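The chain below stands alone, shown as structure tokens; this is the form predicted alone.
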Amino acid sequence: MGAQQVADRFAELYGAGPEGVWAAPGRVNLIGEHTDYNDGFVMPFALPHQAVAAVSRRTDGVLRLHSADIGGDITELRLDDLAPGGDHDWTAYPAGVVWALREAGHEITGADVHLASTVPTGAGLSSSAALEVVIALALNDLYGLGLKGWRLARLCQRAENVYVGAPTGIMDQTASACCEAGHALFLDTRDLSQRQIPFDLAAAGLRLLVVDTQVKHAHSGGEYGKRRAGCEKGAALLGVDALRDIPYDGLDAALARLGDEEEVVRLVRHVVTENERVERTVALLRAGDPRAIGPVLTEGHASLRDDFRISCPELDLVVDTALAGGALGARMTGGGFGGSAIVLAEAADVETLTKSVEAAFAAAGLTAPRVFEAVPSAGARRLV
């Protein structure tokens, strides 16, 4: 849905046009899964799919919310009543951002909001982060808060962690707020230092496909939290602040110190090796060798499947079918337990690979997957 359509619908709902229209994208994580809450490295890029918000200020302490995707009536909330755990539907995300901004000392006196999004929900493509970031950016502009993208990302993460109750790391919000078109974002989640890495696959005759398995996941569910708690236990047992502090060449010694803590051993091994895979991918892209990242992606899937144990039969089917069909590499992406996989392929092989994956799903009696090309796109911005 375009900016003008969202603005026109806002006017229909609220009786006057908005003060502005903003957009924030979903993201695909190229490599670096479940490393962000371990102070590690990640490498996402923004998708063309985005959440769009038309917003105007209010002065009466009221937040009014409407979603084109959900439909129904306008939801009206009082700012003074906003509290963690109080909302249990989509409104928790924008409301949580307002709560986080006010808790941080920023004077927000209310807003009217109309939202529309093309980011698939439950597909591991950060639909919730896009929703949070677009609200944060709009309020930042309207209220003249002067907050940089990384600061908005931190506030949005707090909204999701504390207000919504989903223990996510900082990657999704930072990707939505800070990515640049034509680049992947090499992000150190400890200090939030960033490097934009050129990522023009088309120029190399390559494509990166996203395969949405249509299997839904929810980060606020218990399994994601269990993995995070297990990583924190591993760091405590090893006497480090975060698993980021375990060097790749010291992994074997660290695992030996964990003894019979089998589950923790698997989690630690994934995080440490995944950080190394991110650094390897950055080096390969900077050297102008994008084809060589294919095996690194596939290694990452094996680690997520076997050590972190967050894949599912549908994701494995995508990866196995794509690799058998000649893909350069493939892996699940996102939080896991469903969602999407990515496939790196020669441009000439895209149609054949797509048909192969669709046929495999049909043969297994599964819902047809949604397949589209991932094009590195712009981060959050004002449209109107």
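These figures come from a predicted structure and were not determined experimentally. Numbers for residues come from their place in the sequence shown, where the first is 1.
In what follows, reference is made to the form predicted in complex with adenosine-5'-diphosphate, a form of this protein that is not presented.
Although the partner is absent here, residue 90 is a contact residue: one of its heavy atoms lies within 4.5 angstroms of adenosine-5'-diphosphate in the predicted complex. When adenosine-5'-diphosphate is considered in the predicted complex, residue 152 lies well away from it, no heavy atom lying within 4.5 Å.
For the chain shown alone, residue 320 is not a contact residue for adenosine-5'-diphosphate in the predicted complex, no non-hydrogen atom being within 4.5 angstroms. For the chain shown alone, residue 67 is a contact residue for adenosine-5'-diphosphate in the predicted complex, at least one non-hydrogen atom being within 4.5 angstroms.
Contact with adenosine-5'-diphosphate in the predicted complex, defined as a heavy atom within 4.5 Å, holds for exactly one of 121, 196, 109, 273, namely 121. Contact with adenosine-5'-diphosphate in the predicted complex, judged by any heavy atom within 4.5 Å, is made by just one of 140, 311, 303, 117: 117.
The stretch in contact with adenosine-5'-diphosphate in the predicted complex, judged by heavy atoms within 4.5 Å, is 125 to 133, chosen from 236 to 244, 77 to 85, 294 to 302, 125 to 133. Residue 160 is the only member of 157 to 181 with a non-hydrogen atom no more than 4.5 angstroms from adenosine-5'-diphosphate in the predicted complex.
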